[in-house]
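First comes one chain, alone, set out as structure tokens in the form predicted on its own.
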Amino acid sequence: MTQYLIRRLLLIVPVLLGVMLLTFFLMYIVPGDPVLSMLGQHASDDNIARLREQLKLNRPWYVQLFSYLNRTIRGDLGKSYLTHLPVTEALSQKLPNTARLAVTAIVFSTIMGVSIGIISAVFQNTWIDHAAMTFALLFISTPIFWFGMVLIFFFSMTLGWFPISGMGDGSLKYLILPAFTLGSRSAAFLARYTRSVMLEVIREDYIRTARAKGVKEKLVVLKHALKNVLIPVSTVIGLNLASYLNGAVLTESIFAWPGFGRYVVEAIQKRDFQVIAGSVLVGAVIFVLFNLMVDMLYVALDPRIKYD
């Protein structure tokens, strides 16, 4: 296990280096100019040249690349072109907000999706199964931005149960609608995926043996089948959480949630390279670490799995 973990951690290094290089070259070649975004289209040539020199954007690309790699390897993600604040400081403020939203959404989607999937599989081809899969298909097919606006109109503007947007004082009432919006599609996908895996598991020989021994159906499902269902399902849950931390852009925009995704979108619109590069790198770290955590979780869920 230790050797496997060391190898996986060493493999993270070239992955992150590739992400850094790709991010730099994409930002270097795509249209747009951060200086013009800051000064406006009608800025004088002198002001543009002065700001380029101040931001060190007038240097050759290879000099900028070396400076960027050297600084990032030392843990310095630079300063925002627009706010002049360190990127690490801004991310330390935005990521906890997104983490709260992501964790709440993943708890909701996991409980709801896995429960519906198991119930649907146990009652296969009944009206319960058909109703559950119909609702799952409906949620998967519904765009998040439209679903979020429907929730705001019904529960906030019509009934007045929840705030329309923002974090407010950080209480739970501000979190419920964004978390439900973010987790709805994943819950539907988990329900369909859990149902599919569950149907395969309950046809295995050891399940038939347990039933032949007279084990109650409830114990067969929860004790014998669920353990094996959770192994592939845990992969989806782990990657969903990583994607929530990186890509809750639409939800954060709809509900004016001051999180990581919204921060990155604003940086892209303004061509704030330091923020974009730092955010993409942090997002890549989150993905590779969560992927590693899921692999480690396999061992805890299934003792038969060994990493040599």
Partner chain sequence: MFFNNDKKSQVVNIKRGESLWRNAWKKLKRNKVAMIGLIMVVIFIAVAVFAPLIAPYDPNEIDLFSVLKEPSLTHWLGTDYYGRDLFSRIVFGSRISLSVGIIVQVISLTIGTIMGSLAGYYGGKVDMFIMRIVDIVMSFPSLLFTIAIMVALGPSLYNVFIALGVVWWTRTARIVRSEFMRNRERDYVDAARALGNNDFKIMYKHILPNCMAPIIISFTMGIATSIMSEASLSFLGLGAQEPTPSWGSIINNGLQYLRVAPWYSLFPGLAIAYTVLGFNLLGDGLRDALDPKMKEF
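Positions refer to the first chain, counted from 1. Predicted model only: the values in this text are computed from it and were never measured. Under this definition, the rigid core comprises the largest set of C-alpha atoms superposing within 1.5 Å between the forms.
Although it is not shown, the form predicted together with the partner chain is what the next lines describe.
Peer 1: Would you point out which of 115-123, 69-77, 96-104, 132-140 contains residues with a non-hydrogen atom within 4.5 Å of the partner chain in the predicted complex?
Peer 2: Comparing against the partner chain in the predicted complex, the contact stretch is 132-140.
Peer 1: Within 4.5 Å, heavy atoms only, which of Ile164, Leu82, Ile231, Met167 is in contact with the partner chain in the predicted complex?
Peer 2: The residue in contact is Ile164.
Peer 1: Heavy atom within 4.5 Å of the partner chain in the predicted complex: which of Ala90, Ile202, Val236, Ala210?
Peer 2: Only one option qualifies, and that one is Val236.
Peer 1: Can you work out whether Ile152 and the partner chain are in contact in the predicted complex, taking contact to mean some heavy atom pair no more than 4.5 Å apart?
Peer 2: Answer yes; at least one heavy atom of Ile152 falls within 4.5 Å of the partner chain in the predicted complex.
Peer 1: How about Phe189: is it within 4.5 Å of the partner chain in the predicted complex, going by heavy atoms?
Peer 2: Yes, Phe189 is a contact residue.
Peer 1: Could you tell me if Phe108 has a non-hydrogen atom within 4.5 Å of the partner chain in the predicted complex?
Peer 2: No.
Peer 1: Can you tell me whether Leu11 touches the partner chain? I mean in the predicted complex, with a 4.5 angstroms heavy atom cut-off.
Peer 2: Looking in the predicted complex, residue contacts with the partner chain include Leu11, since a heavy atom lies within 4.5 Å.
Peer 1: Sequence order please: the residues of 252-278 with a heavy atom within 4.5 Å of the partner chain in the predicted complex.
Peer 2: The stretch touches the partner through Ser253, Ile254, Phe260, Val264, Val265, Ile268, Arg271, Phe273, Ile276.
Peer 1: With both forms fitted on the core, give yes or no for whether the Cα of Tyr68 moves by 2 angstroms or more between this form and the one not shown.
Peer 2: After core superposition, the displacement of the Tyr68 C-alpha between this form and the one not shown stays below 2 Å, so no.
Peer 1: Does superposing the core leave Val265 with a CA shift of 2 Å or more between this form and the one not shown?
Peer 2: For Val265, whose C-alpha is compared between this form and the one not shown after core superposition, the shift is 2 Å or more.
Peer 1: Is Ala277 among the residues whose Cα moves by 2 Å or more between this form and the one not shown after superposition of the rigid core?
Peer 2: It does shift by 2 Å or more.
Peer 1: Mind checking the CA-CA distance of Ile268 and Val150 in the predicted complex? It differs by 3 Å or more from this form, so is it closer or farther?
Peer 2: Distance between the C-alphas of Ile268 and Val150: shorter in the predicted complex, by 3 Å or more.
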